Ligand code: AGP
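Here's a solo chain for you in structure tokens, the form predicted on its own.
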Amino acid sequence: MCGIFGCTSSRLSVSTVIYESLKRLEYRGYDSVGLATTHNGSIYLKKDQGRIREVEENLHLSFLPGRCGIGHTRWATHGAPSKENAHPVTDCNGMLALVHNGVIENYLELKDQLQKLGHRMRSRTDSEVIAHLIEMHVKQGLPLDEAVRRTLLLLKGSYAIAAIFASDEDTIICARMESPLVIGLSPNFVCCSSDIPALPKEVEKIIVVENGEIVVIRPHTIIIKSLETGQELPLKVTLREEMTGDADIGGFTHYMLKEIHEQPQVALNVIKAPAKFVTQLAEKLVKAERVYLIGCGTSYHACIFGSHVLRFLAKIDSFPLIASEFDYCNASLDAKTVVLALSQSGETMDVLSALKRLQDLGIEVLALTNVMGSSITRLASAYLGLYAGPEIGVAATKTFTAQLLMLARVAVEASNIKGENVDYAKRIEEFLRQSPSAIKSSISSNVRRAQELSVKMSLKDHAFFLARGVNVATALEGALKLKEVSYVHAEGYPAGESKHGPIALVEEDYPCVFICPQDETYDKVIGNIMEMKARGAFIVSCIEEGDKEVKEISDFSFVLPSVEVKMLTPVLHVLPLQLLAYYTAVARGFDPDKPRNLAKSVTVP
């Protein structure tokens, strides 16, 4: 996720307007920042790695001349954070500048074609190919808006873009495909933005750009066209006061809630991530005799899921290990061992310490992380990004879902390489394609239920989260979320283990949350539910649509869409548990974004 903003005016210098709006967009990306304007037939551009205020102090972004410009705050997905990879990006001759939010799936193919035509690439980003493709079409004599349209028709993936041109000083051309974009209208300027909260206070009216629309904005005119046909479309203008969204969290009360609701977009990003990097990781896993997945906290729970999927789908001997215990577990390590490390931040000290030791032993290290350019990417021989965008809330939500989905993609690719369970892999691929809508439905249909249950949970001191099979990872994660942000003592257990000690704590109205999809564990989980119910427990269940049996024996149920490939049910069943943790924290009067004693990145062993 990145933030883009553009502004054109007939009277005002716009660099200050853009800079102030970029500050409001910084939550969308803070690896690097840049700003470009048009003035006297030239493009003026300044950009660098770092936070917005730091770059402003060094480069004075807000002093660029010109009445038309664009800006960008970056969260790296292709290419590490650096000045070269910062936006705006330009064409060969610096006659156009472009900012982009999203993921271009086929950029490697396009980049190769452009380089063969003599185009000089200055960055390692997927975004730069867009600028060079527009340049190519302009040189063919096409009008600017048609050159942009023809370019976008070549792209596969998601994007919101904005481009400016030295030859047309008051024009911004922008477009959207699956990444957010809005147009803001004020008496003095017209602007475009990734988010409504970034719009200047002077903006009175808003146009929400829809998928497959291209927009030409000038100080006093806005033209929207169909990307597919090039035909002009009617403007749909809304008063700003009718639109929700204030503060930099887009109208949500906390970042944690915002990030829970961002998960459909995250799923879309994951499934559209370039296949080359997925294949690269899968090929290395397939060659190994054994694979250890290591992580901490939420990432460790994703390791449990990943080991299940790799073992079942690709027949790879894979085992989850807690990173801080890696030195003491006497793992079998040799030249045929591969370690896949998971870390949201890429800076988790327990993970990094284990990787450094492994490097000394000559063991190949792979990584899955959300932060390009982090320490873990420099230690790994190959790594894969999560494409989740910055996660501000301390408790991981969208990055956990991204880890599950990306691990599933890697397992599918490994399965195809080995020729194992190919038919089942195809069913998983189908689920992945449908996951954005399934995740959206799972969240929206359970928000009120989570709010309702949170009132009761806020009065409790303890809870169990129980499941079997692959959903043990879901139970562990649900318990972790509740204890992290609401401070209710919660424990996740394999349901079969509950009668070997934990059941001693169960008394009247004791909350027991069961994850109960209709898979091979279903009948045994029902038996565990009845054991707890017989001792007076308050039964909460996460069930699939149409499951009347478990619903009838539960005191409260979250209902999720039915999933054909049961191994991927954790992707959906964890969602109401995230919501429950959030609303319980709020009901207890705590800030879920900043839980006590916790940090986003644990940089001490």
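As the structure is a prediction and not an experimental result, all values here were calculated from the model. Start at 1 and count along the sequence shown; that's the residue number.
Only in words, not in the display: the form predicted in complex with this ligand, which the text now covers.
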item	value
Val472, Thr521 and Lys566 each touching this ligand in the predicted complex (heavy atom, 4.5 Å)	no
Contact label in the predicted complex: Glu413 to this ligand, heavy atom within 4.5 Å	no
Exercise: Glu484 in contact with this ligand in the predicted complex, heavy atom 4.5 Å	yes
Ile134 within 4.5 Å of this ligand in the predicted complex, heavy atoms	no
Close approach of Ser375 to this ligand in the predicted complex, 4.5 Å, heavy atom	no
Candidate from Ala395, Leu285, Val190, Ala160 lying within 4.5 Å of this ligand in the predicted complex - any heavy atom	Ala395
Contacting member of Asn85, Ser318, Ser194, Thr298, with respect to this ligand in the predicted complex [4.5 Å, heavy atom]	Thr298
Which of 119-127, 169-177, 205-213, 344-352 lines the interface with this ligand in the predicted complex (heavy atom within 4.5 Å)	344-352
